[in-house]
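One chain follows as structure tokens, the form predicted alone.
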């Protein structure tokens, strides 16, 4: 059903045009004798065809068309202007102002039918293209989401590959990723950034793939030389992930190389200080350390939550960005829920 807006200050003309519109079939006429009220109606409704008289009080047809076209989404709606035979200059001005076609007084029934049907056919084509565009957009979104899902699966599996060579667990990368999201939210970062760090944080230690087993799996304390090799996993992870076309992998590269930096400059690999450490690295440092402290490993017992919390508090301004610690502690209850949800014997995917 097509909606046809008719605007004319003459009741007789309104009645005549309404009757002609009804004869077109599949049309619902909407009548106004005042162009200002018609314009108000158009702010909430989108007609399929507008038929407007030129000579009207308060606002003539030219001004109405100009105001109508200025409304959002009304640029393409067909407009027929009704003019007198001798108003050629008005018709020229109306064409420049946005009218699509004209009807001359007295209105001829055959001419009205032909011109109106042409305009409605134009509108039908517009709606078809709009619907098709929306359909294609939905398909693109669906396909894009499938690609992102596959990308996330690949990221998860890459992260797990590193963790399989380490005493840590798959649940660890889930917990620290969600802890990172809590911190991002507490810092007031927008939801897109929160989601990005959730997806990228699991790649923080992917560079451990390149660390020899005799170092990575050593049960005791590493020698100075061994620790220097171990520290290389930050740069290895960055080299593996940098330059990707994926925003998530690029974020992972940044996290990999910066999450072992410390706020006071005593971290590695570059000894960056304070806010010179990338924000994602500062966030993940808090999340990763907290989960490492509170998780049991073959070589250590899990710390009590109170002790781990105090370690974060004491490390503000030294090991950790104070703002990141405060953001994490502000989401403490949510962090405890995540800790409970992702147990070490489970490794659900993000």
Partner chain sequence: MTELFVFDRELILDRLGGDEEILTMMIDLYLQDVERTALSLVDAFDQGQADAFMREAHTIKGLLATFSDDAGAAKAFGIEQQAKTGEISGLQPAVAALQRRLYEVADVLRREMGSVR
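Positions refer to the first chain, counted from 1. Predicted model only: the values in this text are computed from it and were never measured. For the two forms, the rigid core is made up of the largest set of C-alpha atoms that agree within 1.5 Å on superposition.
Not on display, but discussed next: the form predicted together with the partner chain.
Stretch-level contact check against the partner chain in the predicted complex with heavy atoms at 4.5 Å: of 301-309, 48-56, 286-294, 34-42, the positive one is 48-56. Between the options 106, 212, 73, 243, the residue in contact with the partner chain in the predicted complex by a heavy atom within 4.5 angstroms is 106.
Not one of 138, 146 and 194 comes within 4.5 Å of the partner chain in the predicted complex, counting any heavy atom. Using a 4.5 angstroms limit between non-hydrogen atoms, residue 334 is distant from the partner chain in the predicted complex. Within this chain, residue 24 is remote from the site of the partner chain in the predicted complex, having no heavy atom within 4.5 Å. At the 4.5 Å threshold, heavy atoms of residue 87 reach the partner chain in the predicted complex. Using a 4.5 angstroms threshold between heavy atoms, residue 20 counts as touching the partner chain in the predicted complex. With the core held fixed between the shown form and the other one, residue 308 has its Cα displaced by under 2 Å.
After superposition on the rigid core, the Cα of residue 242 moves by less than 2 Å between the shown form and the other one.
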